[in-house]
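Take a look at this one chain, the form predicted on its own, written out in structure tokens.
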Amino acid sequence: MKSTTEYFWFNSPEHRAYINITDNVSKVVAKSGIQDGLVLVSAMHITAGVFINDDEPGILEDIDEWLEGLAPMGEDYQHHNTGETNGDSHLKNILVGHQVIVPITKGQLDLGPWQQVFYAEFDGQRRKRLMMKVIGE
């Protein structure tokens, strides 16, 4: 078995953003040479996430509205007592999750027909790191 790890950096100009990174993940898998295995895609910040969903019109807006409804920005969170004002971003990370694992078959991502991999930024305007680790044969 072999593995490879690559890091990507994001610095979203928006406070919240949803970035399709499927092509980035595919390139890392291709570069690894692994034909059968798994790729872990992990946001390395507690106010960002990674998820798999469709990249169809409206779905990202629906996801954003859903998250905002469950963890609204600007509310009086206990976390704000630390001097930070991003309590909602921490909760959105929990709702979306910080990582996904995608199977690799015949050297390709083995996603469903409409599935795409997204990086979710919940507290942007600063540099954050994402890790991809490919493991297999």
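Predicted model, so just to flag it, every value in this text is computed and none were measured. Residue indices: 1-based, along the sequence shown.
Heads up, the form predicted together with another copy of the chain isn't pictured, but that's what we're talking about next.
Trainee: My question is simply whether Pro103 lines the interface with another copy of the chain in the model of the complex - judged by any non-hydrogen atom within 4.5 Å.
Mentor: Pro103: contacts another copy of the chain in the model of the complex.
Trainee: Do Asn93 and another copy of the chain come within 4.5 Å of each other in the model of the complex, heavy atoms counted?
Mentor: Because a heavy atom of Asn93 falls inside 4.5 Å of another copy of the chain in the model of the complex, the answer is yes.
Trainee: Using a 4.5 Å heavy atom cut-off, state whether Gly87 contacts another copy of the chain in the model of the complex.
Mentor: Because a heavy atom of Gly87 falls inside 4.5 Å of another copy of the chain in the model of the complex, the answer is yes.
Trainee: Given that another copy of the chain is not shown alongside this chain, does Pro13 nevertheless sit within 4.5 Å of it in the model of the complex, heavy atom to heavy atom?
Mentor: No - in the model of the complex, heavy atoms of Pro13 and another copy of the chain never come within 4.5 Å of each other.
Trainee: Which residues from 49 to 79 come close to another copy of the chain in the model of the complex, meaning a heavy atom within 4.5 Å?
Mentor: Residues within 4.5 Å: Phe51, Ile52, Asn53, Asp54, Glu56, Gly58, Ile59, Glu61, Asp62, Ile63, Trp66, Leu70, Ala71, Tyr77, Gln78, His79.
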